[in-house]
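Let's start with one chain on its own, the form predicted on its own, as structure tokens.
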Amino acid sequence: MTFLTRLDDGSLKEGAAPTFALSQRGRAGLEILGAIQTFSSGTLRPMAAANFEENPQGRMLGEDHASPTPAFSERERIAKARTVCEGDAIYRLERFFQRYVAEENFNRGIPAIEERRAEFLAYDAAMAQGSDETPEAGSLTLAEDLAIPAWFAPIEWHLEPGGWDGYDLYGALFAFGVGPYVFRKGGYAAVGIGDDIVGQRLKTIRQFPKDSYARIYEPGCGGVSTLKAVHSVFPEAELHGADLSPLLLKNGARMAARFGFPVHLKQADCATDTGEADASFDGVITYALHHELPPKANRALFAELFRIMKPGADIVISDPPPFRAVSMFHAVILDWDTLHREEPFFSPVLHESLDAMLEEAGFEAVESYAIGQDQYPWITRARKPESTAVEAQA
């Protein structure tokens, strides 16, 4: 799930309104968070990793983690490795800074946007006048009576007060505050230090094996950042997305219209019913979605995606790497997010195999690999068979 793309992006269509900016005080408050995060992940974390490798217990666990016949289960290894890490003051300081930045993103970001609320709303209205926010440019279907799943409703994802829909200007906060001053520097969660999170989306889209697609679907599309990247790679494709959050969908519809590409958005619980027809898409993309669903919901989602995909259609997934794909120390770093960054399903999903889930759903040609540092983004892709077992029996 993602937020709206920064509005002053250079690819805004001709005639778009000028940009909006935070006050100097607002910018400075977030810039220092970006600097802390860079120091934490770029300086302290390598020191903590070296200390872990020099620790006899850490070295033994690392070798066990890499062994094809480990003595300990994955959960046992991570628990033991966490104990080793927490004995190191450098590790504790690095984690303190990570938690501090994650929480301060909102403690500082919301006031920074709020003091410029009037200016942002005026800017937003000017942008709307310069764009074609009509149904012909796409569509938005909200479902007020949609049953929100119990696993979704109470969670304040990433320490975000009130969850995805908890603050009406979260889109502006990420587009003009946390996005450019903190996230753009990388070094948080699975994102490596210095990583280009916009470029990572484009590299992910280029993992589709065919040269063109007629209709592409994204469950958990959020603010259409990924669908925008899809449009840049496959401009001829008809784009559809769905999400549980009405605020993210509203922001996404506005941004798609302003960037000049049509997209059809629908509020839906994709793990139970996308509301789409059987065999109606020849491509599916998911980005940073599956670690935010419990494993049971992921299995249901893959079954539903299989249903709406045409025979021979491709699915490309980008999500944090499974624990089995990273070093012992990095597994502890990823596992930390589960309890400390309001990511309740992070570890349960990273213990699982999306490859196996896809095969259970009926997909073939399943493969997974990394396209960036620290094994992120981790790509999993597969294909729906040309003929399924049910069709073969018919």
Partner chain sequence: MNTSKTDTGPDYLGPESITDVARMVMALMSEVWIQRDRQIVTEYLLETQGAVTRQEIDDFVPTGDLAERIAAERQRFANLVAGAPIAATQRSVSQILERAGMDVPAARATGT
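All figures in this text were calculated on a predicted structure; none of them were measured in a lab. Positions refer to the first chain, counted from 1.
Beyond what is shown, the protein has a form predicted together with the partner chain; the following relates to that form.
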Exercise. Please check if Trp157 has a heavy atom lying within 4.5 Å of any heavy atom of the partner chain in the model of the complex.
Key: no
Quiz item: Quick one: is Arg27 in contact with the partner chain in the model of the complex, heavy atoms, 4.5 Å cut-off?
Solution: yes
Practice problem: Flag Met47 as yes or no: does it have a non-hydrogen atom within 4.5 angstroms of any non-hydrogen atom of the partner chain in the model of the complex? | Solution: yes
Quiz item: Any chance Ile90 has a heavy atom within 4.5 Å of the partner chain in the model of the complex?
Solution: yes
Quiz item: Any idea which of 268-276, 70-78, 90-98, 209-217 reaches within 4.5 Å of the partner chain in the model of the complex, heavy atoms considered?
Solution: 90-98
Self-check item: in the model of the complex, the one of Ile32, Val366, Ala325, Met60 near the partner chain [non-hydrogen atom within 4.5 angstroms]
Solution: Ile32
Self-check item: Contacting member of His231, Arg254, Arg201, Arg116, with respect to the partner chain in the model of the complex [4.5 Å, heavy atom]
Solution: Arg116
Self-check item: Check all three, Ala21, Glu103 and Arg108, heavy atom within 4.5 Å of the partner chain in the model of the complex
Solution: yes
